[in-house]
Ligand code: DGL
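Below sits a lone chain in structure tokens, taken as the form predicted alone.
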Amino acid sequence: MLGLFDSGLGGLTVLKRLHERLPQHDIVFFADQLHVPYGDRTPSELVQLLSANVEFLDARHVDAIVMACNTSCATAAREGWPPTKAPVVDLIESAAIAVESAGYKRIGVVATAATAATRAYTQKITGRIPTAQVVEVAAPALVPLVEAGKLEGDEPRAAVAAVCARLPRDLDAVILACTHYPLLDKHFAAALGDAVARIDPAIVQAERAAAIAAHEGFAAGTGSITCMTSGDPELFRAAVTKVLGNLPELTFER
């Protein structure tokens, strides 16, 4: 069984990619909506939340923790990972791998305020590509929009456009460095244009998880997807169904 967690609905973008890549493996996903957004929290709070979420998945005896929260990965990059029995697949590392594979040299990063403050993306990317130029921009307004279900219309379009206007215009690619942001991808596409590639780290994240599962010989299950939240369960169920559809393998636990 593979475990994921995020502050909220954004982690569903990683879950979807992971289920597509490993349809026979069981997945458990925890959305810590009681504390969303993580991007506005203090470093000490983020360390506590990261530790609690890793401990929660460890207690479920997951074979691997496939990170679905960039802010938690950025926290771990600065503070270290808490003890865990399972291997951890880091989202920021996956993004850096995607950049290196594509050969991009001028990269924009749109992230939460907490992630941008750590400069974890710059460090990971330049560690692989020393000549890369990386610009990180905080976008604190976007996660609340996604959590409120505001994916269409003028409000999210304007919010994304305002963020993209703060980026240099001669970028090769922009990383959507919060798992909530791919749910606003159409607005990023409109704001950035066809000349700028958009990178969703979840794609490489799922590929790396599949490689680990194969290498370690993780047993396949029934393909079940179990979703849990620390927030309102009924609102969560409706939001998950909206993003993932009515998958027969999808169940909810309190």
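Start at 1 with the first residue shown and count on from there. Quick caveat, the model's predicted, so the values are computed rather than measured.
Unshown form predicted in complex with this ligand; subsequent notes refer to it.
- Residue contact check for Tyr38: one or more of its heavy atoms lie within 4.5 Å of this ligand in the predicted bound form.
- Heavy atoms of Val160 never reach within 4.5 Å of this ligand in the predicted bound form, leaving it off the interface.
- Although the partner is absent here, Thr75 sits far enough away that none of its heavy atoms falls within 4.5 Å of this ligand in the predicted bound form.
- Residue contact with this ligand in the predicted bound form: Cys69 places a heavy atom within 4.5 Å of it.
- In summary, the region of this chain contacting this ligand in the predicted bound form, judged by heavy atoms within 4.5 Å and restricted to 175-183, 78-86, 96-104, 150-158, corresponds to 175-183.
- Checking Cys164, Val143, Ala116, Leu171 for any heavy atom within 4.5 Å of this ligand in the predicted bound form turns up a single hit: Val143.
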